[in-house]
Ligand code: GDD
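A single chain comes next, written as structure tokens; it is the form predicted on its own.
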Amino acid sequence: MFLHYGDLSDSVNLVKLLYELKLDEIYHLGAQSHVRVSFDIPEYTADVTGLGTIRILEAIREAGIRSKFYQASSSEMFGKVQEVPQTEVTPFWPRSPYGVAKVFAYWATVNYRESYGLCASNGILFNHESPRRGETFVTRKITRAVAAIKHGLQKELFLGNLEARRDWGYAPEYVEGMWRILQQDEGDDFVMATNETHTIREFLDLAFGRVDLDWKEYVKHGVRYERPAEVDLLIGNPEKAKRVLAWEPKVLFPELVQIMVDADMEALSRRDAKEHLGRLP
């Protein structure tokens, strides 16, 4: 495997890469992908997350190749949800610069499919988690804190809205779903979700309970983790993906939390990890 340097803000570089590589499949997951951070850097988020998609699509067209293109769309596009559960035809109402940028990227993908005949697809993936989730995202922030508190390396955890409800699935299964989308002969749009919703409070119950701790003794409210505009409820209906792609999630919420907590507990059981965390302020 060889890694090529690229930058979603550099259209010339993207065109050169596609001329050279002539790829069969392109999975576009690049973005400024942190919702809360997008309120702090909205212009950068719009440039990379939104316009970055146009740059890749235009590079495909300019290079004259027939790459199948996958756009990582997001449940955050639904934002202030207009129906429950959300499907491929639910209207979007984004509630963050990140969500706005993803809506732009979604419709850019549809437009290039319809205008230029590209095999371009959107995967509208609801929250998909694993032990590799970034440490600033709430699920991994919780499971990492659980392990650190259990090992005596952390005393408290600050979070924002505990009542936000999300549809959480297991990332490896969703990656398989991405692949299945690009095995289709024509571009299309698919929701991938579990059709279950749980609060952050429920996540805390399971995560801390896994190591016999009561989260109420450790979790504190942090105002800076509140969003200016909250997304209260997300739950997706994956019926189309089940029917067309033969895809459905198998790892559901309780097992997902267990997988993530166990992985962070195992990671912190190693001496080098403990020493590293012990040096943190």
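Residue numbers here begin at 1 and follow the sequence given. Keep in mind that what you see is a predicted model, and the values were worked out from it rather than measured.
Unshown form predicted in complex with this ligand; subsequent notes refer to it.
- In the predicted complex, Ala148 stays away from this ligand, with no heavy atom inside 4.5 Å.
- Proximity of Glu76 to this ligand in the predicted complex falls within the 4.5 Å heavy atom cutoff.
- This ligand in the predicted complex comes within 4.5 Å of a heavy atom belonging to His128.
- This ligand is not drawn, but in the predicted complex it has a heavy atom within 4.5 Å of Gly160.
- The candidate spot formed by Tyr27, Arg55 and Val103 lies out of contact with this ligand in the predicted complex, as no residue has a heavy atom within 4.5 Å of it.
- Interface residue among Leu245, Val35, Ile60, Val48, judged by heavy atoms within 4.5 Å of this ligand in the predicted complex: Val35.
- A heavy atom within 4.5 Å of this ligand in the predicted complex is found for one listed residue only; from Phe137, Trp179, Trp107, Trp93, this is Phe137.
- Note that among 223-231, 245-253, 39-47, 210-218, the stretch whose heavy atoms approach this ligand to within 4.5 Å in the predicted complex is 223-231.
- In the predicted complex, this ligand lies within 4.5 angstroms of a heavy atom of only one residue of 81-105, namely Tyr98.
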